[in-house]
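In structure tokens, the next block holds one chain alone, the form predicted alone.
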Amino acid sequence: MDTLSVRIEPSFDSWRIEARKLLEGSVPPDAVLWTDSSSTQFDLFDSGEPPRKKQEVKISKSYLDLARTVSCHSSPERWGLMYRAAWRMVCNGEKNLLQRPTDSDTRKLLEMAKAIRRDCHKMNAFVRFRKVGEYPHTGREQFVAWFEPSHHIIEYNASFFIKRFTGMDWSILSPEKCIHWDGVKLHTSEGVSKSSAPDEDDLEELWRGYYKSIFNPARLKLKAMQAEMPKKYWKNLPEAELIDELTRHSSNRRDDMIKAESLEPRPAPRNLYLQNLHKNNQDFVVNEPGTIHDKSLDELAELAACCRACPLWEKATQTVFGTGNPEARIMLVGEQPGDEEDIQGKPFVGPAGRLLDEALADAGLDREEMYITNAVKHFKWKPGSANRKRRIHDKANRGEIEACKPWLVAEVMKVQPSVIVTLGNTAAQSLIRKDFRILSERGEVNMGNLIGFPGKIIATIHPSWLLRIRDEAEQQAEFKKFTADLKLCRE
């Protein structure tokens, strides 16, 4: 087939229309050259029409949602990547492509989608509205903000600001596109220069005063701050002019705060429920009466959100408690939340979680019917290198594992599963014994510390271990072993 040059508007809807025509004609991705009106690439081939309809096109909603997000990426390769993945699912029979995080196309799509979510997060955090007036007859205030995104997210991310600032009229200006909310409808216009946005308003001084009052010199971490608030955004933040002064004098302010503290020790907070939970964390009986039966899993999750039994809560975004079927027969216990789990507040939603989904599907198990949690409920991490902004996983120590164990025990007592699957050494050492080693003892094991637990425990590797294997053949072999371990749950 001759190469088709397909020129579209740089939007998901435009791509979707043309992609459907090509899929109906079963046009392979290598035969399509995608360009959009924002591209400087010239058409090298004459445009042509795809063949008449041959293929019925059915694409899952989950892929369309993913593609809609990826379409906002700044890479000109996104259109071809999106079509290639759709062609593989529709024309090549790879319906479970998105459940294979090790596939190169799936990985690129997920990385692009993550970049878009990150850019939206920055926009939500660093847009600063400035008041420019108000309508005399309605009293509605008018605000304008300036933002320079890394990707094409201005209109895509507008819903956040509509929900947050419904009661005022606002505009967000950017070099590529501008959005305007009038209280009823969102309008768009062409991009403008930064000179069109106001530099300051009457509330600026109040904002700087608020930022100065909440700045805590004792918790200053410059590298972490710059990773979360890159300098490219400082020029639009009224508080940015205070950062240099506050950081330079932070050590003096910290010393003054320490001197001002009372020498009298503060009494430890009393929480009898948590005391009972820790008291029973070693030897428990599933049907033993007590305070644990007075709490639902949701109530346990609320209590765990206030846990200060170890220092991990200080750097974590939130407590990541278990989720799933509260009456599950199978309970999966991982090690600790990762970067994405810490942000979303749910276990196994990152790359390891997607690989787990693939393994569960191969083992004939339904994740929706399970209860999934972690042995440690907070993300322990360390900063990456200067050119690597992602937070790096750091292994929980014995004290942190023991501090979190009461919550895991409480979950087991409430769910009362028939089978517990421990994923990784941390989970196995928390529930079985402290010196347990997965690679030499994997499979069905004795109950260990879980006295009174009537079911069985299956110990296997954590899916993140598979992602670290570089050799593809070795990775596939270990994946099959992992799937075989999961199949033991059905026996």
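Start at 1 and count along the sequence shown; that's the residue number. The structure presented is a predicted model; accordingly, all values stated were derived computationally and were not measured.
One more form of this protein should be noted, the form predicted in complex with ligand URA, which is absent from this view; the next part is about it.
Trainee: Does any part of Leu365 reach within 4.5 Å of ligand URA in the predicted bound form? Heavy atoms only, please.
Mentor: Close contact is absent here: in the predicted bound form, Leu365 is far from ligand URA, nothing within 4.5 Å, heavy atoms only.
Trainee: Heavy atom to heavy atom, is Trp79 within 4.5 Å of ligand URA in the predicted bound form?
Mentor: Trp79: no, not in contact with ligand URA in the predicted bound form.
Trainee: Is Trp407 close enough to touch ligand URA in the predicted bound form, meaning at least one heavy atom pair within 4.5 Å?
Mentor: No, Trp407 is distant from the partner.
Trainee: Is Asp357 close enough to ligand URA in the predicted bound form to count, meaning some heavy atom within 4.5 Å?
Mentor: Looking in the predicted bound form, residue contacts with ligand URA do not include Asp357, since no heavy atom lies within 4.5 Å.
Trainee: Counting non-hydrogen atoms within 4.5 angstroms of ligand URA in the predicted bound form, say which of Leu173, Val90, Cys307, Ala352 makes the cut.
Mentor: Of the candidates Leu173, Val90, Cys307, Ala352, Ala352 is the one lying within 4.5 Å of ligand URA in the predicted bound form.
Trainee: Tell me, which of Glu400, Asp119, Glu335, Glu411 has a heavy atom within 4.5 angstroms of ligand URA in the predicted bound form?
Mentor: That would be Glu335.
Trainee: Name the stretch: of 97 to 105, 162 to 170, 344 to 352, 143 to 151, exactly one has residues whose heavy atoms fall within 4.5 Å of ligand URA in the predicted bound form.
Mentor: Checking each option against the 4.5 Å cut-off leaves 344 to 352.
Trainee: For 457 to 487: residues with a non-hydrogen atom within 4.5 angstroms of ligand URA in the predicted bound form?
Mentor: Only a single residue, His462, comes within 4.5 Å of the partner.
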